[in-house]
Every structure is written in structure tokens, then in C-alpha cells.
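First structure 1, then structure 2: two forms of the same chain, each alone, as C-alpha cells.
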Structure 1
């Protein structure tokens, strides 16, 4: 029993205590130098009236809603492809997975160069193919900046999602496909009634990881745009950072953190309700 004691102690020090300390700070005014001043719900009231907060919240939701489902769809398609008995499939798996182990800062620097309006490779290719006449300021445009960051995040995570989906595919018994084929089931029906239902746990895991990544992504946005232009790529985590360490509004940053935690908990519970309980079930067809 005494050997198990350090585990909850470490968990309390690094998880429970900071969580409650952050909750306490959300009701105070503090800037690192001055004394704590109890302000009650003033930080939350300021959050409700803050247009930048709502813009960062909207950007965060768009970041998740556009990024995670798209990455999962591409991951399923790639996993189905590299799961076939094709030549060099291990090489294809390695190439697709390669971006994920790279540090997010390195990925941000690479894609910032690719998106560069003057010397970026993407503008060069588009101009060479005659698709555009004038270079596109991807990261300096209010319309293009957020989609550009989302595309980068999809490129980074799709290989990891593919590995998760591929693991799920390889755990499906081959006898199910053989029995369905003997019964005259088409490839489309085999995918819909066998593959997709048995991939629910893997897809659910990808969704959870996608939720966490979307609502905690900081370094990619910080390196590529720092929330700009304006606040068009500002997300909740980057706005929390700026309030805490740029504007020294610790209490307000803590209040936004509490909101982010509760919203993340709400979204996760919804996904769990609609995906977790039926995960792994197989639909039968006639």
C-alpha cells in the first residue's frame, strides 16, 4: 500500500492542486507583482463582453470542426489503401506517418515558408500551373490564414490517425469478410456493415485526440501567425497565453481556462455518448 502512495500524491501536485488554484485565480485580479484582489465574477463578466474572446472561441470551434473530421476521413482512406496487399506498403505507411514525430515548431517553420507570399513553394507551383496570376498572402490574409493553419495541422496529424485506423482494420477477423462475400455482399456493403462499425473504437479515439489537439494547440499558431492577422487565427489557448504573459491579466486568463476546461469536458461527453456506447457493434444486413 505504501508503494502506491506516491502515485496519487504526484497526481495531486501536478493535476488536482493546479486545477483548483486556477479556479481560485479566476475570481481574483493579479498581475504577478501586485497582491491578489478578490473580484468575484468580474473576470467572467469581462469574458462575456470581450469580442476577442468570442472570436478566439469561434476560431477554436472552426479549427476542430474543420480539422479533425477531415483528418479522420483522409486517415480512413489512407489506412484502407495501405492495408491492401500492394508493393511497398510499409514504405507508404512510413512516409504518411513521418510528419507526426516532427516537432510542431519545426512543422510551423516549414509550412510558414511554404505559404510565404514572395518565395513560398505553394505560390510558385500555383503560378507555374497558371492557376493564379498574383501570389496569395496565405498567412497575412484574413480569409486564408485560418484555413492555412488548419491544413497544416491536418498534414501533421493524419499519419497518426492512419496508424490508429490501420490497427483497427488489422484487428477485424478476416472470416467476417469471407462470410459476407459468400453471402453475396458487395465491397460497399462489407465496408458499411463490417469495417465501419468495427472501426468505431478507433474513430472515437481519433476524435478524442482531435478534440484535445484542437483545444490545446498553441505552438503551431504561435509560430505561423501568432494569432494574426488581427485576431483571425487567435484561438483560446493563444489568447490565454497573451492575457497571462503579455497583458499580465492572470485572473482573466484563469477564467478563460476554466471556460475552456468545461467546454472541452462538455464536447468530450457528447462524443462519448454518441460514439462510445455503441462502439464495436456490428450491424447485420439481409
Structure 2
């Protein structure tokens, strides 16, 4: 299909060629300057033995598995709420979307203060309401740091998911509802049998974005915790970036990239399968 050609060309230049280059690099040792040395599988070997790599991998999975579904459920609920004919729904939509475009650095600084153990607003409010009697060291503890960062990222992304779901909701033809109504389907049934299935492509999109987020929220992680304490909030991409640019171990970073790519491709194909193939495509005219 000729209309599909220009896009793969752009991707070829900026994604696919670099990916092969990466694959090649993962068998080498390089630090931007020295000659490329072929080291075989050494980088991969190192990767398997590296506890920090496994920790970052685990965090990435948690980040995705806990963050995306929560954000999507919230987004669907919000989208249903603001899709109604109520006063000021445009205002609500805008407010919910508002955090998404904000500069991550600014968000990071504010949330860092919100989470602060001694002077942060969240602890202040929780304690004023009598919910807790001892302040929680959100970002300053191994147990709380990752959930805290995930909550911040959900806060930022949920409005965006809502917009996507909203777009999906509005493309659902009205006749389907009318027909269902004539058949006497209850609102709940209409939601389960019409809205939800037809939202599948949008939900699929949100999942994909969620996957991307679980590694591009790297600037948020950087600003809020820099991967700490320990490596408890380190995600694969921040670890890759660290290895490439801070430790200057490009080959090693490339090996992790290859692993990450394969893993995410696997996840995506599962998500794709569950959403009925073809990137969640549905054809309800068939």
C-alpha cells in the first residue's frame, strides 16, 4: 500500500537502522573514542550476572504492570464521567489533562516536596486528618520510593489516557446503542457488550503508551530519585542511559537495549493478541 511508505522510511532512519547498529555494538566494547573491540557475548554475559540489571528489569515490569492498568482504569472512569452531558465538562477535561504537558523537571521538584517526610504536604495532610501518626518517608525508603514515583507518573499520564479513551468513545456509532436499547439491554449490559469491546483499540493504545512510559518516564525518575535509594527506582532505560553516558560503556548499554527491545516486543505481541490482533483493530461491520 503506497500510502504506507513514507512512514517506514522515517522509522528506518531514526529507529530501525539505529537498532541494528545497536545490535552490532552489543558485541563490542566501545567508549565513543577507542577503537571498536569485538568481545563476542561478553556484554550479555556481564548483563546476566549484573544484579543491578535484574533489579532495574524487575522495577520496569512493576512500573508497567502496576502503573498502566491502574491509570487505564482511572482513565476509563474519568472519560465516562466527562463524556456526559453535564455542565462544565470541558473544564473538567482540561483540568484532568493539565498535568500531562507540564515540564517534568517542575513536576519532579513539586512532587519531591509533596512527598517529603518532614515538611511535605502529603504527610502534613495525612497527619492533620489523623490517618497516620508517624510521617512516611515516601521517597526516602526502599519500600515506598517505587510506588511513590509510579503514583506521580499516573497522576501525570491519566489525563492523556482519558483523552484517548474519549476519542474512542466518541467514534462509537450511536446506532449501536439505539439498537441495543431497542433490544432492552440494561445500561450495564450496554457498557459491557458495546462500549468496552469497541473501546478495545483505544485501550490497546493506552497500553502501548503505558509500555513506552514505563521506560520514557526516565526524566521523572531522574529528577525525583535519580534511581535511588539504592537502585530501588532504577528502570531499565535509566540504567541504559547511565551506562552509555555516565559510565561510557556503550557496548554494555547496547546489550541491555537489545534485551529490552526483545522483551517489550514480546509483551506487545501478547497485548496485541489479547486485543484481537491488528493492533486492537475491530471491524464491527463484518
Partner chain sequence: MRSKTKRNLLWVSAVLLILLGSPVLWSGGQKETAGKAAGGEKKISILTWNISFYEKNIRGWISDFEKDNPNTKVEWLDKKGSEWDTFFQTQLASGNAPDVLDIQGPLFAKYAAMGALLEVGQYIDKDAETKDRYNKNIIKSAYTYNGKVYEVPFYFAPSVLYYNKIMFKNAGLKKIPETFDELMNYAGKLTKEEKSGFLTLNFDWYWWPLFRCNGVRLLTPDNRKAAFNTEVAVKTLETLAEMTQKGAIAKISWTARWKVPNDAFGAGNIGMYYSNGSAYHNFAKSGAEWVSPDTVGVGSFPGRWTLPGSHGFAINSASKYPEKAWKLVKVITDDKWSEVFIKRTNIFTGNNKIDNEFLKSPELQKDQLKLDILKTQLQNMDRLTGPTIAQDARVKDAFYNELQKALFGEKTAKAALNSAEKAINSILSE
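Note that the structure is predicted; figures quoted are calculated from it, not measured. Under this definition, the rigid core comprises the largest set of C-alpha atoms superposing within 1.5 Å between the forms. Numbering follows the first chain given and starts at 1.
Does structure 1 or structure 2 depict the form predicted alone? Looking at both, the form predicted alone is number 1.
CA of residue 245, rigid core aligned, shift of 2 Å or more between structures 1 and 2: Yes, shifts by 2 Å or more.
After aligning on the rigid core, report the distance the C-alpha of residue 18 travels between structures 1 and 2, in angstrom. C-alpha shift for residue 18: 2.4 Å.
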